[in-house]
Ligand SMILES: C[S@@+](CC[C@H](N)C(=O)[O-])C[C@H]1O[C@@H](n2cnc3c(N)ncnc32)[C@H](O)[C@@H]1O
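A single chain, nothing else alongside it, follows as structure tokens in the form predicted alone.
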């Protein structure tokens, strides 16, 4: 049986055409450089990452090349060896660091923005504070402090949408006084619950659909960039899909990719149903079905129950072509080497996000605006001055450099974007009372 599979696999090299990826330097993303060999790399390949590579290789040999989206989903969320599932990947000791981890100013200003817009809407109570993909829980903790201070007499509960058991526990430890994990057979829409020091109830869900109906303040920070993307290429007037196949001859060492990109021989299910945005000029692009689904759910929720959504991520407005990449130990890494050992990500297409939101529900969108501009409009410098005035001299430079990293256009200030969603019935109201941070 194995001999037959290998025999069939050896013929497959003639069935698919290898494709080179466009030069990332031409799309605004840095060029991928070979990852530096790290101590213990060989042992890493032999454990979970090596196992995941073997699983993917066996699947491809059995069924043929797979979409980038399927590869990305498996690498990030495989229950046994997925990147996010069993370890802390954030912070200086991990593979990347997020804005809330860099400076408390980020979370505080996001919290103030939520309270300000919530009050404009009449301070409805009770409400849900929802975060999609909360990471370590740092943003939720900082926003919780602000809302607790300024919520007046309103009641609210917290709802975290998180698939990683490891990260859900880390989040609970960050902002809950007590927390418990429910049995697998509980049949409840949440799998973990906790209580903050101020008595606010917190619940963990695997899907947005499981969050109870009700007026919601929804945050999505670096959530959409981790959703699987399909890579599509226009060939002779028809969209074809870039797939992932096993590497020719197999990887020989840790620096050689385990897999390779190939072009589908004909249209795939996704490329056949894909419809480009009006006036699309790109011949190569990334398309996320899961982004469409999640944004659609958000839009329907806001229209039905009322609320606000704030999406914060690095992305573009429909002009970039190739942004799929990996990060390992704060360096760019080949996404086809040692799957499961590095974060996979792709820039968010905010033009698509806004289009979906406005067509799937009666929703009013603001933005996107650059992160640096948003934080400046939210009086970030004033908050920085307050922190500097009360900081020890040895900490002042750290505080200032952290804020500059968030706002400097050469760093995170322009790469990251903010987009807000409101119920469409408030459009005229928001024209009269413009949304802070966006105008």
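Not measured: the values here are computed from a predicted model. Positions refer to the first chain, counted from 1.
Beyond what is shown, the protein has a form predicted in complex with the named molecule; the following relates to that form.
Novice: Does any heavy atom of residue 261 come within 4.5 Å of a heavy atom of the named molecule in the model of the complex?
Specialist: Result no; residue 261 lies far from the named molecule in the model of the complex.
Novice: Even though the named molecule is not shown here, does residue 368 get within 4.5 Å of it in the model of the complex, heavy atoms only?
Specialist: The answer is no: residue 368 has no heavy atom within 4.5 Å of the named molecule.
Novice: Can residue 163 be called a contact residue for the named molecule in the model of the complex at 4.5 Å between heavy atoms?
Specialist: Within the cut-off, so yes.
Novice: Answer yes if any heavy atom of residue 98 is within 4.5 Å of a heavy atom of the named molecule in the model of the complex; otherwise answer no.
Specialist: Residue 98: yes, in contact with the named molecule in the model of the complex.
Novice: Where does the named molecule sit in the model of the complex: which of 224-232, 324-332, 357-365, 109-117, heavy atoms within 4.5 Å?
Specialist: After filtering at 4.5 Å, what remains is 224-232.
Novice: Within 4.5 Å of the named molecule in the model of the complex, do we find a heavy atom from each of 142, 175 and 218?
Specialist: Result no, not one residue of the spot touches the named molecule.
Novice: 125, 148, 272, 77: which sits within 4.5 Å of the named molecule in the model of the complex by any heavy atom?
Specialist: After the contact test, the surviving option is 77.
Novice: Using a 4.5 Å heavy atom cut-off, which residue among 84, 156, 350, 239 comes into contact with the named molecule in the model of the complex?
Specialist: That would be 84.
Novice: For the stretch 127-157, which residues lie within 4.5 Å of the named molecule in the model of the complex by non-hydrogen atom distance?
Specialist: Result: 131, 133, 134, 135.
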